[in-house]
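Take a look at this one chain, the form predicted alone, written out in structure tokens.
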Amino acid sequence: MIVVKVGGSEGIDLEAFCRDLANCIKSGVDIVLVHGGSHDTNVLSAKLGKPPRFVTSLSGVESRYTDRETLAIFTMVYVGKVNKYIVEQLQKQGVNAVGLSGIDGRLLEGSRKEFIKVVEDGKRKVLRDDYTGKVEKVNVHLVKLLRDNGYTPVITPPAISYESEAINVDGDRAAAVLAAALGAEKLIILSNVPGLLRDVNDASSLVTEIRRDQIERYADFAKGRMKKKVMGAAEALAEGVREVVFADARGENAVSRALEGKGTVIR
């Protein structure tokens, strides 16, 4: 069984992605899908007069600042728009997909951060009204129930906190926890870059293969959103997933190419 995470960055053709994903499923590949929706969230936030705000942690990791209003917009896009579009496209291709957020059935559960420490304009700040967290538990029974009855799960943040609050969680790391909990053989993380690049401005600088014990060394090449993908990969491998692939979601046959090892393979 394979967990596939497709990002929500600009430039990803979800219709083409779903065609290829459906072909892989119909050929016998057992897939659970996780998806994002960051670009559409940014666009809608701006249209609603609530421009996206990104903050950087003290360790240099960037994330979306998520107050209650932002959380509502986030949920509208991820759950109401992108999730249902993907389900629609998979149904057109003959795949009986079911779309769920991490809130539904407490599918993805974890703790909400009491506060986050960030650096803005060179100053350290503490933000306490942020609804973000980290996935720590997966309702494996619910996923198994769907899969055992012929449904393909299509899963998206937000997750739910132990206090039953919706929380924004990183999709790549959520997919890693999900892959480990389900005992997946492989985790594929697709985005709008070819994989891990030594130079973010040079697509030909792709790192094609990394041994598990080399992750920390190669993590220095990760910039921006790629930092969390590398963190997720390390977490998945530590919990028993045998292989992680970073690959390009743009263009045709994105899933098929990733299954062939086209991208950055960590094993």
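Heads up: residue numbers just count along the shown sequence, starting at 1. Everything numeric here is computed off the predicted structure, so don't read it as measured data.
Absent from the display: the form predicted in complex with adenosine-5'-diphosphate (ADP). The rest refers to it.
Annotated contacts: 3, 186 and 243 are all free of adenosine-5'-diphosphate (ADP) in the model of the complex [non-hydrogen atom within 4.5 angstroms]. Contact check for residue 155: no non-hydrogen atom falls within 4.5 Å of adenosine-5'-diphosphate (ADP) in the model of the complex.
Put simply, residue 263 is far from adenosine-5'-diphosphate (ADP) in the model of the complex: not one heavy atom of it is within 4.5 Å. Among heavy atoms of residue 75, none comes within 4.5 Å of adenosine-5'-diphosphate (ADP) in the model of the complex. Put simply, residue 130 is far from adenosine-5'-diphosphate (ADP) in the model of the complex: not one heavy atom of it is within 4.5 Å.
For the options 142, 100, 197, 181, the one in contact with adenosine-5'-diphosphate (ADP) in the model of the complex, meaning a heavy atom within 4.5 Å, is 197. Checked against adenosine-5'-diphosphate (ADP) in the model of the complex, the residues 211, 50, 223, 68 give one hit for a heavy atom within 4.5 Å, which is 223. The stretch from 50-58, 214-222, 26-34, 233-241 that comes within 4.5 Å of adenosine-5'-diphosphate (ADP) in the model of the complex, counting heavy atoms only, is 214-222. Within 4.5 angstroms of adenosine-5'-diphosphate (ADP) in the model of the complex, the stretch 171-196 places a non-hydrogen atom from each of 172, 190, 191, 192, 193, 195, 196, taken in sequence order.
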